[in-house]
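In the form predicted alone, a lone chain appears below as structure tokens.
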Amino acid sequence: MASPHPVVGEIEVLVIGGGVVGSCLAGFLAEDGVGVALIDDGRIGGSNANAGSLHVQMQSRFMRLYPQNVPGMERQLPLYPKGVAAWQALEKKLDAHFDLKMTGGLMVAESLDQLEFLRVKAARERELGLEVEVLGRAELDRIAPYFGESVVGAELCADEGKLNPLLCNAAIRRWILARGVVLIEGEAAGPIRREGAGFVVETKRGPIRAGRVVLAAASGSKALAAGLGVAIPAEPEPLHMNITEPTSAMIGHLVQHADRMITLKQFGTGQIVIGGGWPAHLAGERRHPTVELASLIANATLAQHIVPRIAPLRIIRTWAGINTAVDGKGVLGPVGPVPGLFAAIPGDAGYTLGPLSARLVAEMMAGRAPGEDMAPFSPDRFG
């Protein structure tokens, strides 16, 4: 029989995955008086590579690439404004500075066809409860006079914003440590097996026995769940990002495009983050998210086309992270066939939904009503 893990051999709840969802969930459980350990393998992935967009409106990129997921995206859409509110509440609760700014989001169009797409999309989003409007170029120039000549209009979603993930992640880490969460970093977890009413989670330094286990490892949860006979079709989507040198205030909004892969936002420190879903790839045995030169060139070229004033700025860093795609909805709550096993995977734009998803799962684990109909997000929907 292997010796137990030297840091924590037995714990009430083990959360696997130390991104924003797993960390916030561990913090909420600890505040409930639950004994919690959080284990993370330390790989660059979602939360520690996130670019800081607070998305609310449906992202055109996801609609184009995954049309089969649009019904799921629409079902989850009402959670996004609540997700942004959860970030605001967390910043206040932790008395921290996230550089969180609610300056609104603009999805720009460069043709009348794209503008018509935005009008149809906005109409549907209003039916689902979002406050959005479509602006012509003259209206757009009054609030965002930084776009290139090709832009003909945009959809405005006032509830969108941005934050600095470096500040957020550090503040959340301090919070959970202060609440007594046992943090095990740089160690992979799994496989997992049942033992009595609980679980044994294997690690290289010995097994950890836990009464309950939460899978919060985004796409990494798929293999862990499969080992227990549970299907969670969470797939990794490696994506490319860049950041420029600091400059004077230029871009106030979170900027997206109706038909092309671009996001732009400017931190309070002046750097402009350029992303939007250009592909990266997973390299090597550890499947490290790795940048691609073609994505860097295409992403930077498109950025200066949309906002010409970006052109003189130097890109000081480029990196890749991982988005997790499921079926347009999060995977949140108890896994029915495996009592004591929970999933906490927010799905697309997971950083926006991170604290809210964690709160919803924490409420269910505590036996309290989460305040949302969680049936559409149940892990059991995959059979």
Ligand SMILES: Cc1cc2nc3c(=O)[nH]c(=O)nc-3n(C[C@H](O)[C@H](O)[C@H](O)COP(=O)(O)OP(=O)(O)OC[C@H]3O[C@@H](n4cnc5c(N)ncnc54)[C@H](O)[C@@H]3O)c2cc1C
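Sequential numbering from 1, following the sequence displayed. As the structure is a computational prediction, the values presented were derived from the model and not from experiment.
The same protein has a further form, the form predicted in complex with the ligand, not shown here; the description that follows concerns it.
Contact check for residue 216: a non-hydrogen atom falls within 4.5 Å of the ligand in the model of the complex. Residue contact with the ligand in the model of the complex: residue 189 places a heavy atom within 4.5 Å of it. A residue is said to contact a partner when one of its heavy atoms sits within 4.5 Å of a partner heavy atom; residue 31 fails this definition for the ligand in the model of the complex, lying far away.
The closest non-hydrogen atom of residue 241 lies within 4.5 Å of the ligand in the model of the complex. For the candidate set 326, 51, 37, 335, a heavy atom within 4.5 Å of the ligand in the model of the complex is found for exactly one residue, namely 51. Shown without its partner, this chain lists 109, 106, 224, 79 as candidates; in the model of the complex, only 224 has a non-hydrogen atom within 4.5 angstroms of the ligand. None of 98 to 106, 228 to 236, 145 to 153, 181 to 189 except one has non-hydrogen atoms within 4.5 angstroms of the ligand in the model of the complex; the exception is 181 to 189.
Taking the partner from elsewhere, no residue among 83, 164 and 359 has a non-hydrogen atom within 4.5 angstroms of the ligand in the model of the complex. Annotation for 142 to 179: no interface residues with the ligand in the model of the complex [heavy atom within 4.5 Å].
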